[in-house]
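Given next, in structure tokens, is a single chain: the form predicted on its own.
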Amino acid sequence: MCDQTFLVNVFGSCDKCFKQRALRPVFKKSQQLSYCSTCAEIMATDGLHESETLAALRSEAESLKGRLEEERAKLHDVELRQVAERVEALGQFVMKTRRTLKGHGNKVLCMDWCRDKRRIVSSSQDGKVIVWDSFTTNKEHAVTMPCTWVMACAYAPSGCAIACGGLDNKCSVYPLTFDKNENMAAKKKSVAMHTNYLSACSFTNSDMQILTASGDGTCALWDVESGQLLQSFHGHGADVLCLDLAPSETGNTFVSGGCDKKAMVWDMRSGQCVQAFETHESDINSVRYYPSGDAFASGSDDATCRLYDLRADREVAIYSKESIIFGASSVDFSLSGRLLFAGYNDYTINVWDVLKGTRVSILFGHENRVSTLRVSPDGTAFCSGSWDHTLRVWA
């Protein structure tokens, strides 16, 4: 949980042009004002000399960025796979489908595990959110959303609530009870409101705060009880498609990826981007922290998965083969961090040796693209969801 909160406006009347627009906080002579993007840009150029145009400043920023990349390249003295040459190779790897969860009437778009290691929540293009018992394959709860394409869902840490959203631009939280006949829709709480579709959501280390990512190019931190916006995160140049919270109990950072091909690491307390990586050649569909929190992996439409070391501040591995030409839609690590599971649009799940960069297994079973994938909290299994309307539990 973050130990500080900041209240900012997200939509309202601009203090300069008075138009109803998305706002950002601006400080002018120590006074905080709420400006729209256009007015903030105009204010930023006030008092500049003729030679200090925005284009010139952008050019200077690009030049500095290039010099930083050169300095970073000087430190890039060895590849991860070279360091791992002495590490023993993995033995024979066998995983099978142990359970198939059927019940959605359309593409499965997202899923998440409960911390009890047994229950799963999934969302679908059919507008339904279902809570499953992964042992028995029974449905425990089902919610029909007011829209189709429910692209995000998440289990609360306590296991007593779920969050979901999609084309309704909202993140809604539903409390779960033992009474399966109870009308869950009546207890729905709308927590987050974006100006475009909700692409991802994740509770922080408590049920009281939730992180969201959206097609409006922003991420946001919300208070679940009051629905107040605590912090907004601006920096992506296009739709944000995914996010993942740092694994430590006191983790105040998260990583996001989007259609601007960037993966960005954010400080939840300040709202600032603290690291950014731009080596993918297409949309980043999925990001996931390494179990230690010192690195993260990404999966992209460029048919590669990549590993970024936060301490070295650079990409350290690429997981790809010439035969893989379809995008990676979802990634997750094994509990030890030695394996990277990646779901692809060619209906397969590839398992990669994180250290050696080699593929150790291909899992077949789904009959359409694999859209989501998560390893269970105890690491004994993982679940995948697909456009074939089903979820599969592998072990």
Partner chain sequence: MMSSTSDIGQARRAVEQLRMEAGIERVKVSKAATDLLQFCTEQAKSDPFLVGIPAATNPFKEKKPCTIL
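Note that the structure is predicted; figures quoted are calculated from it, not measured. Residue numbers count along the first chain shown, from 1.
The discussion below concerns the form predicted in complex with its partner chain, not included here.
Between the options K187, H76, K102, K321, the residue in contact with its partner chain in the predicted complex by a heavy atom within 4.5 angstroms is H76. When its partner chain is considered in the predicted complex, only one residue from S361, T358, N368, S334 comes within 4.5 Å through any heavy atom, namely S334. Its partner chain is not shown here, and in the predicted complex it never comes within 4.5 Å of any heavy atom of A22. Under a 4.5 angstroms non-hydrogen atom cutoff, its partner chain in the predicted complex lacks W132 among its neighbouring residues. Although the partner is absent here, Y174 sits far enough away that none of its heavy atoms falls within 4.5 Å of its partner chain in the predicted complex.
Contact annotation: L339 falls within 4.5 Å of its partner chain in the predicted complex, judged by heavy atom distances. Stretch-level contact check against its partner chain in the predicted complex with heavy atoms at 4.5 Å: of 102-110, 163-171, 187-195, 134-142, the positive one is 134-142.
Residues from 60-89 that approach its partner chain in the predicted complex with a non-hydrogen atom closer than or equal to 4.5 Å are E60, A61, L64, K65, R67, L68, E71, R72, L75, H76, D77, V78, L80, V83, A84, R86, V87, in the order they occur in the chain.
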